[in-house]
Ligand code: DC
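Only one chain is shown below, in structure tokens, and it's the form predicted on its own.
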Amino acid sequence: MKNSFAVAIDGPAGSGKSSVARALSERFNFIHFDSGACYRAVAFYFLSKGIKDIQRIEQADLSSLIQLEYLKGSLYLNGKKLGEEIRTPDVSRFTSDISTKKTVRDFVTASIRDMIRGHNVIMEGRDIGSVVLPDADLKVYLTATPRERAKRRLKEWQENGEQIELKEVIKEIERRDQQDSNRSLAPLKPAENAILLDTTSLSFHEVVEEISSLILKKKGDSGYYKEG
């Protein structure tokens, strides 16, 4: 028997990972962990220091500069709670650039594993099932067409006051897909034993219900138990 349970939700930008993972974590009372936020936090840190030199970042001792903590459902960067400031288009673009670097990926992966150790967790990202949590109890890979994902991302940005055209968001989504899928280090792809779920024509509720059913089945099969 085991007393912790991990769900890995991977997929490209705009596939609905964040909102779905958040809803599932509330339903099952699991920690919702957005691994992408950790990469965004690193990107935000360097942008806030005016540093955009990728080579300089690769050579930096990140553990001496950056401390990531997960406290009461929020991510903290060097003691400061992070919010929407890490989700701007500028941070998104720079995150895409630095997240391909081994130094950054190793630092973030180690930080994540340390933050979630011993917890029931639903984690989202791009290489959770294949790299970060290869032993996750359930692995799901969400996807949707580039246009549908761009529409979702556009809505998020508009709600945060960003003014941008749909065609520009589609271009950014396709650029991110190309970069993430073709990087040499941890390329974006479904984990070998992940369940693929195309959300293009599914409602948010339908996606949540589908994955909820998978979690319930896996919890029964895995020998998971919850103390208390």
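Numbers follow the displayed sequence, beginning with 1. Given the structure is predicted, the values throughout are model-derived calculations rather than measurements.
The same protein also has a form predicted in complex with this ligand, omitted here; what follows describes it.
Heavy atom contact within 4.5 Å of this ligand in the model of the complex, the stretch among 56-64, 173-181, 192-200, 24-32
Single hit among the candidates: 173-181.
Any non-hydrogen atom of residue 128 within 4.5 angstroms of this ligand in the model of the complex
Heavy-atom contact with this ligand at 4.5 Å: present for residue 128.
Although this ligand is absent from this view, report whether residue 152 comes within 4.5 Å of it in the model of the complex, heavy atoms only.
The answer is no: residue 152 has no heavy atom within 4.5 Å of this ligand.
Next item on the list: Report yes if any heavy atom of residue 88 sits within 4.5 Å of a heavy atom of this ligand in the model of the complex; otherwise report no.
Entry: Because no heavy atom of residue 88 falls inside 4.5 Å of this ligand in the model of the complex, the answer is no.
Q) Using 4.5 Å between non-hydrogen atoms, is residue 120 touching this ligand in the model of the complex? A) No, residue 120 is distant from the partner.
Just give me the residues of 83-121, first to last, that have a heavy atom within 4.5 Å of this ligand in the model of the complex. 87, 95, 96, 99, 105 sit within 4.5 Å of the partner.
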